[in-house]
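Given as structure tokens, the chain that follows is alone and in the form predicted on its own.
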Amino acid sequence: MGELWIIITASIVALNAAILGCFLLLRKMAMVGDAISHAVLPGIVVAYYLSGDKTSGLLLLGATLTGVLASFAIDFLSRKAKIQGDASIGITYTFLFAVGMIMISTMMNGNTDIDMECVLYGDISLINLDKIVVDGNLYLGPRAFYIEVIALVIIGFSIGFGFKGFKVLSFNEDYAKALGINTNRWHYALMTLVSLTTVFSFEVVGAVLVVGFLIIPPATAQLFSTKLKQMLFWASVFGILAVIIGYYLAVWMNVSITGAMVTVAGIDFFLVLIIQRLVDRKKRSTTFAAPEFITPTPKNSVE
């Protein structure tokens, strides 16, 4: 039963990340998820300092707010300061991550059990240790499962309610502005959802590894999907497929579960890419333009 909870929980993580990753990829902001995954550290440290409890909801709140702050900083540097997008992302997340490391050593005075490897790399095999038990013996599943379900509901409702807004923002921001759409509002709504997803997932699969689900399944789906809804569907399928195959591969090889899941996602991408190239090459070799011989007809000819 334990392995089933791991697969289901990781599948929800992959689903959340793949859905948002499609919009990030279309907006050429795929690495924002990586930036946010590092930038949340100061928020985690402050929340832990105030609450003294790693299970406190303040950790999620603090990390989410820091993630939104990071997205504001990236947007300011790229739009207002005219710094290249990749540079603004690098500046923001390295600065905030370094600040978080300093805060750990100064605010906590070395008396903290915040495990940096757990925050960054995660260990999904341990989610069954944090159980929800009712009446002393009724096991309802790991807490991480319900956290991810809450994130899925929030993301599903937000995307369903604002699908047209996110869609037009992703494909043509200038056109959206011409229609009078407040693109900043939709941009920060998307960044908030990405922050929420990253923060909710860092204790399940690790803040860094969730970036794999944010990028690779959407990129795989984009190889052969021309419509947004198709891309969302196939990105979700590839994400869940990577979770299932990756889990059993990790058990068989006795390696990191989360690492195996992202590795399988990468293998899926390259397999689809190779297959697509082979199919395109075959189409080009079997399709040729036949020469057209046109005989001009005299103007005064009699039929």
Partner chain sequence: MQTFLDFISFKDPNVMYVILGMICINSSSALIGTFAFLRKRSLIGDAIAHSLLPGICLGFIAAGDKRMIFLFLGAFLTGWFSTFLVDYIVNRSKIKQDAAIGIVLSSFFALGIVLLTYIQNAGYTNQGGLNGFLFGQAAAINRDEIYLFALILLIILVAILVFYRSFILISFNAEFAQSIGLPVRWIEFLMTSLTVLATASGIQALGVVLMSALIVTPAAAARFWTHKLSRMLVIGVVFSVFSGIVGAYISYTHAATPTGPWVVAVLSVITLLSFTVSTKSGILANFLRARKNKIKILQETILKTIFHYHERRGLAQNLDSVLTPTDLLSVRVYDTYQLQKGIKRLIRLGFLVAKEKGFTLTENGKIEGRRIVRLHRLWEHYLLKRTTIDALHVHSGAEAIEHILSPEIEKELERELGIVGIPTKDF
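Since we're looking at a predicted model, the values are computed, not measured. Between two forms, the rigid core is the largest collection of C-alphas that superpose within 1.5 Å. Positions refer to the first chain, counted from 1.
Below: the form predicted in complex with its partner chain, not depicted.
J.: Please pick, from 83, 126, 189, 154, the one residue with any non-hydrogen atom lying within 4.5 angstroms of its partner chain in the model of the complex.
T.: Of the listed residues, the single hit is 83.
J.: Looking at the partner-bound form in the model of the complex, is residue 216 within 4.5 Å of its partner chain by any heavy atom?
T.: Contact check for residue 216: yes, within 4.5 Å of its partner chain in the model of the complex.
J.: Heavy atoms within 4.5 Å of its partner chain in the model of the complex: does residue 93 have any?
T.: Result yes; residue 93 sits at the interface with its partner chain in the model of the complex.
J.: Classify residue 149 as contacting or not contacting its partner chain in the model of the complex by the rule of any non-hydrogen atom within 4.5 angstroms, answering yes or no.
T.: Output for residue 149 is no: heavy atoms all beyond 4.5 Å of its partner chain.
J.: Quick check on residue 51: any heavy atom within 4.5 Å of its partner chain in the model of the complex?
T.: No, no contact at 4.5 Å.
J.: Pick the stretch from 234-242, 42-50, 60-68, 263-271 whose residues have a heavy atom within 4.5 Å of its partner chain in the model of the complex.
T.: In the other structure, the partner sits against 263-271.
J.: Within 4.5 Å of its partner chain in the model of the complex, which residues of 241-258 have a heavy atom? Give them in sequence order, or say none.
T.: The stretch touches the partner through 253, 254, 255, 256.
J.: After a rigid core superposition, would you say the CA of residue 78 moves by 2 angstroms or more between this form and the one not shown, or not?
T.: Yes, because once the rigid core is superposed, the C-alpha of residue 78 moves 2 Å or more between this form and the one not shown.
J.: Given a change of 3 Å or more, say if the Cα atoms of residue 228 and residue 79 sit closer or farther in the model of the complex than in this form.
T.: The answer is farther, because the C-alphas of residue 228 and residue 79 separate from each other in the model of the complex by 3 Å or more.
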